[in-house]
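Here's a solo chain for you in structure tokens, the form predicted on its own.
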Amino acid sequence: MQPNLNRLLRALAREGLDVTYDGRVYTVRLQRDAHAPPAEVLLPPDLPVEGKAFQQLAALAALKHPDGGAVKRVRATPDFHPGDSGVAIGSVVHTEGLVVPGAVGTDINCGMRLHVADIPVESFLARRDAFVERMKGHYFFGTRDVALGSRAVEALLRDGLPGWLVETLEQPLGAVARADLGQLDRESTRVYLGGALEGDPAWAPTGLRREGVVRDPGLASIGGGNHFVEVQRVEAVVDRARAWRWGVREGQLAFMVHSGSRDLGKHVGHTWQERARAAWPVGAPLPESGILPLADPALVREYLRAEATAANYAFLNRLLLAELLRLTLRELFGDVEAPLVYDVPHNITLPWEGGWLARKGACPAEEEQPVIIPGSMGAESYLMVGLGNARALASASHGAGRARSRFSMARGGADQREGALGLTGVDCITLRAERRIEEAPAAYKPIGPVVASQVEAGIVREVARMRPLMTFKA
């Protein structure tokens, strides 16, 4: 128990929050709305409490719409921290009769993709420079050859990865023509929901929907912020039987992709936040949080199709980022299989117990499902298995969570020595020096307590750990 817990609870009370703590889970509610469901936060006592994130979480639980619907439950993962848009990162919200576009935000289907490869780490590091130069061309200098036929684009946006693959088999273009399309087809079973949601191409910007060959600059791009591509070593295997079934062995090379729907997600997210405002009943007071739900069934259906469109794009974005890396490994090391372990989304709204479950910076952790929890670029990442914990809304953390803002990391006067930032020995490849500082290990919470608290709570079990070798940051 934190020694200053009582002082903390009094401070939160002065901010208008009723908060209790049982040593593992905080329960949070706005004092002015005793009828709202309490929000729960799984947080070990040695991790910091952020009042702003608590406020955002309690406000999400108190959301209402004049036309009906309800927030049923709100939960936050132990990596939670304040969100710029008013919804805390790490929030999971169960609703009935309404959906909340802001509870997903603009980085729709930001998520993780993990592969392993039977390449000795020493052999890989011996060719590090050749590998890095090729990948810098793909990720930073625009030399990647990513092209789609217009029919493949439409099929992707409407039907997800299966639609894209069917059309690509008919007309493979660019780098994908060198890929093993049969392998990509087989690996679709290792993508959450098969990478297929019911979208609508009309929600894509016109630049994506033109005739002929489409070269979209957002596809196979990492994006900013905490997004990355990282090469790792499988450092330890804990659940050997499960790891074997998933193709994971100690000492393997691994590579992990963290990215989302890029500009398409921003387009959908911003559009629907404005549409939710325009649809708000005239004369009804707006929520103080600025987070506006949708309750009209027709608008709910239309929003979910728009969100699904961006999510389908994100599934392909991660696939292509990984495929460019896999093709590069084959150029350098010959016939490397480098199979997919799993691909899983973080920011998405999906059906749940007769209503909807929206995750923002939280990973699905359903029973027997692979869960990927990355650490900072100076810390281990974890491959877990979900346990379908109902109290946790079958959700786990999507990382360690920020401890310091990007502004505080980069501001004048901040200690930017390598040791203070946790960057000693970190191989970060980026074209922007400030990105290395903003995303340094010192900006993040320690991953160990975040993972341990979820194991103790029966949310996930550990399968394997990966140690970073190099990290690409755009």
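As the structure is a computational prediction, the values presented were derived from the model and not from experiment. Don't overthink the numbering: it's just position in the shown sequence, from 1.
Form predicted in complex with the DNA: not shown, discussed below.
Quiz item: Gly163 near the DNA in the model of the complex, any heavy atom under 4.5 Å?
Solution: Taking the distances in the model of the complex, the answer for Gly163 is no, it never comes within 4.5 Å of the DNA.
Practice problem: Mark His227 yes when one of its heavy atoms lies within 4.5 Å of a heavy atom of the DNA in the model of the complex, and no otherwise. | Solution: Yes.
Practice problem: State yes or no: in the model of the complex, is some non-hydrogen atom of Gly223 no more than 4.5 angstroms from a non-hydrogen atom of the DNA? | Solution: Yes.
Quiz prompt | the DNA contact in the model of the complex: Arg406, any heavy atom under 4.5 Å | solution = Yes.
Quiz item: In terms of non-hydrogen atoms within 4.5 angstroms, which of the given stretches 247 to 255, 293 to 301, 362 to 370, 100 to 108 touches the DNA in the model of the complex?
Solution: Result for this chain: 100 to 108.
Quiz item: Quick check: do Arg262, Lys266 and Arg435 each get a heavy atom within 4.5 Å of the DNA in the model of the complex?
Solution: Yes, all three are in contact.
Self-check item: Heavy atom within 4.5 Å of the DNA in the model of the complex - residue from Asp84, Glu122, Glu211, Asp129
Solution: Residue within 4.5 Å of the partner: Asp84.
Quiz item: the DNA isn't shown here, but in the model of the complex which of Pro205, Pro281, Gly137, Pro217 has a heavy atom within 4.5 Å of it?
Solution: Looking at Pro205, Pro281, Gly137, Pro217 one by one, just Pro217 meets the 4.5 Å heavy-atom criterion.
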